[in-house]
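Single chain ahead, by itself, as structure tokens, in the form predicted alone.
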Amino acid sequence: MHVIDAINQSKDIFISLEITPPNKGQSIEELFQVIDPLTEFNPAFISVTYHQPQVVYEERDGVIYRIPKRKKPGTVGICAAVTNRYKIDTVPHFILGGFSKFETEDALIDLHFLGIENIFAVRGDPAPGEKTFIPEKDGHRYASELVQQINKMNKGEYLEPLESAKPTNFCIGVAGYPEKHYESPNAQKDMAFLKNKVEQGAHYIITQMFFSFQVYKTFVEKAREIGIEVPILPGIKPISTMGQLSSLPRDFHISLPSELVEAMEGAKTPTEVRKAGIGYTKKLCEELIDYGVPGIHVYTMGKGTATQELLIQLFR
């Protein structure tokens, strides 16, 4: 099922999950151990992240070779395995880094042939070791350009003229940043970028993680004011350790409310810290549900135990 159909047809609040492929050399069984206990909550879909390769240079027999190495391969394979094992729709992340427009088209055709009809279109982070995003030669620079290419394929328009070309049938999701993307000069400019992605054909938006209901509410209101009408799913990350008080703002360019920080810093043991963090996240989700969001997208990292604890408190 298309994600947009799941959103529009849902009568009750639903949850969806985001997972990350295991590192190269690890077993997919480790990922199944994360997902298994979460299937109790009937996730509407599971998205799978994709990561740009790190380029390294190696000298062999006096010749220097440029070699891309990927730490977390397997996004498409994981999508196929998860769908086969759990009968749950999967959404592969599709990034710009490492792909020309023609390689993008070929990869999308492969996904189409595999029966994958949902795509999450994002620019992606700069390559490891790079401070800024550098597009491939003949590649896209902005996520809106990727959305446009996918939308054209949905109309049967490919990069070269093809006789009787069959259209694809992708549902396209894109990312939104309630506290703005860290590279945008201001929130207004960032919202204009988001609107362009929707105008190019995006069907729905999933937000970057946030920890204040008012941040999400203001973001949605600003989006509606400028004519963005597609559903905006809130992205939630259960917070459960003291280390996350510094790592989440650093890595994801977000802010944490004083209420949350003070509650976790006032806890005396790791167990109390975890209880404070997950309890705060539960309260945030309840505010979102009362506000009328169609679903909650949970960023599941590591072993997924914090996600399980959150969902148990919310729905069991």
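In this text the structure is predicted, and so the values were computed from the model without any measurement. Position 1 is the first residue in the sequence shown; the rest follow in order.
Unshown form predicted in complex with flavin-adenine dinucleotide; subsequent notes refer to it.
- Residues of just one listed stretch (76-84, 239-247, 219-227, 205-213) have heavy atoms within 4.5 Å of flavin-adenine dinucleotide in the predicted bound form: 205-213.
- By the 4.5 Å heavy atom rule, the three marked residues 2, 105 and 112 all fail to count as contacting flavin-adenine dinucleotide in the predicted bound form.
- Contact check for residue 198: no non-hydrogen atom falls within 4.5 Å of flavin-adenine dinucleotide in the predicted bound form.
- For the chain shown alone, residue 183 is a contact residue for flavin-adenine dinucleotide in the predicted bound form, at least one non-hydrogen atom being within 4.5 angstroms.
- Contact check for residue 98: no non-hydrogen atom falls within 4.5 Å of flavin-adenine dinucleotide in the predicted bound form.
- Among residues of the shown chain, residue 179 is not one whose heavy atoms approach flavin-adenine dinucleotide to within 4.5 Å in the predicted bound form.
- Taking a 4.5 Å heavy atom cutoff to flavin-adenine dinucleotide in the predicted bound form, the contact residue among 122, 116, 171, 150 is 122.
- Contacts with flavin-adenine dinucleotide in the predicted bound form, taken as any heavy atom within 4.5 Å, map to no residue of 268-282.
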